[in-house]
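The chain below stands alone and is given in structure tokens; this is the form predicted on its own.
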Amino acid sequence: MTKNNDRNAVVRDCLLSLLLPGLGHIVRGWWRKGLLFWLFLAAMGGTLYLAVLRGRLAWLAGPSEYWFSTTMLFLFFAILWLWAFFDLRRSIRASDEKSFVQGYWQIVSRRFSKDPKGLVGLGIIAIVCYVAIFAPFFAHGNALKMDLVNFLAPPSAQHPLGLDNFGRDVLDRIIFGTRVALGIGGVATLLNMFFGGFLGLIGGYFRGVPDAVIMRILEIVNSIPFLVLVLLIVSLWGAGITTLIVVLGIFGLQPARIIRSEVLSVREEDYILAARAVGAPTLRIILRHVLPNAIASLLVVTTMTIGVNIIVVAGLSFLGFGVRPPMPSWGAMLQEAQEFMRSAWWMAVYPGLCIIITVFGFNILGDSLRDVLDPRLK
């Protein structure tokens, strides 16, 4: 009878979770998780309300630029519902089974949840990414619309961060500028991690001639000043988003050395030698045994590299080699503001603060991950 009651309670709570994410957790007494799901639901509900209020849902507005944000919004709703349901099932199963053994990623998640520095960094990055994805819903109007009558207007209720020298809303341009910063910085970093991780794996695992050739190539690339190289290529190929992504992605291969050093130590472990002894294919050993044990350092480097790439993109835009105007870019906004520092301080202060806060978030998150991913720390 007790087993039937427990089973009925589990079914009831799962149905409640499907009805409203977090409700099943609240009924079970897991208030922290339940309130967290409700916070996410409230944030997305508020975003949906803004989209409907301003008529910017794709099927209400029409322009294709709203389709991405609209699709992502409803995809986030679906992910939240599924996440709450499966997390409740996993938590119930874990509470019923008494286990005294914790896996590596369970230990990492527990450490991270107790690290205020990492949580603050993750919160900053989550907010910036959320604003970038749903920029059309948060922006008051068109970031490219000019008002040549009220240009350089100070912050007001209608324009909280003021207008720039062309009468464009600074807040709207900052909101859309998050897409440029995170888009270029994130995609370029993924290329860094892919090419750098691949070269580091090949060089560290096979050693010998492949390692020597890869390291010499990296030394040649690193011997050239990175900023000078980027400026040269951008000036030859022309400024643009694609050019910046390719240049930053291909020539920022510092992660290769870090992965190589990790692989050199991992490849000598007993489980690698055992896998070779039983005749496991080389590709399987690399993907199933070497890469997962070297991924921790790659995650830390990835997080910090995004912040570096954001600064590089802003610097190139400031020098006039970045994103072409009139597309909003934090660096380009700073470049335009240097002539109006005394008369319109808001043109430089707010984009500069966005760059500082975003890079700060990535840096402290990377620093936190470096600590929690170290298995030698308790």
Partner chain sequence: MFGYMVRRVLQMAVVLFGLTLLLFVLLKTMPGDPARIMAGLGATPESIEVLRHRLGLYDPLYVQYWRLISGLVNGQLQAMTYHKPVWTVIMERLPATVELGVAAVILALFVSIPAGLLSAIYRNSPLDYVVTTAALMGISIPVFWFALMLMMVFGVILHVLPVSGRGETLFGWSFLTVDGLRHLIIPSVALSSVLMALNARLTRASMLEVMRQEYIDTARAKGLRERVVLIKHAFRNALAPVVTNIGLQVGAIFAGAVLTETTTAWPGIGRLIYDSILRRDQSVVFGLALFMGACYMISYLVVDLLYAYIDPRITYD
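Positions refer to the first chain, counted from 1. Just so we're clear, the structure is a prediction, and the values are computed from it rather than from any experiment.
Although it is not shown, the form predicted together with the partner chain is what the next lines describe.
Checking 131, 304, 253, 286 for any heavy atom within 4.5 Å of the partner chain in the predicted complex turns up a single hit: 304. Only one of 107, 275, 126, 233 comes within 4.5 Å of the partner chain in the predicted complex through a heavy atom, and that residue is 233. Residues placing heavy atoms within 4.5 Å of the partner chain in the predicted complex fall in a single listed stretch, namely 233-241, out of 153-161, 190-198, 275-283, 233-241.
Under a 4.5 angstroms non-hydrogen atom cutoff, the partner chain in the predicted complex has residue 228 among its neighbouring residues. Contact annotation: residue 341 falls within 4.5 Å of the partner chain in the predicted complex, judged by heavy atom distances.
Residue 293 falls outside the set of residues with a heavy atom inside 4.5 Å of the partner chain in the predicted complex.
The partner chain in the predicted complex comes within 4.5 Å of a heavy atom belonging to residue 318. At a distance of at most 4.5 angstroms from the partner chain in the predicted complex, none of the three residues 9, 90 and 298 contributes a non-hydrogen atom. Residues 216, 219, 220, 222, 223, 224, 225 of 194-226 are found to place at least one heavy atom within 4.5 Å of the partner chain in the predicted complex.
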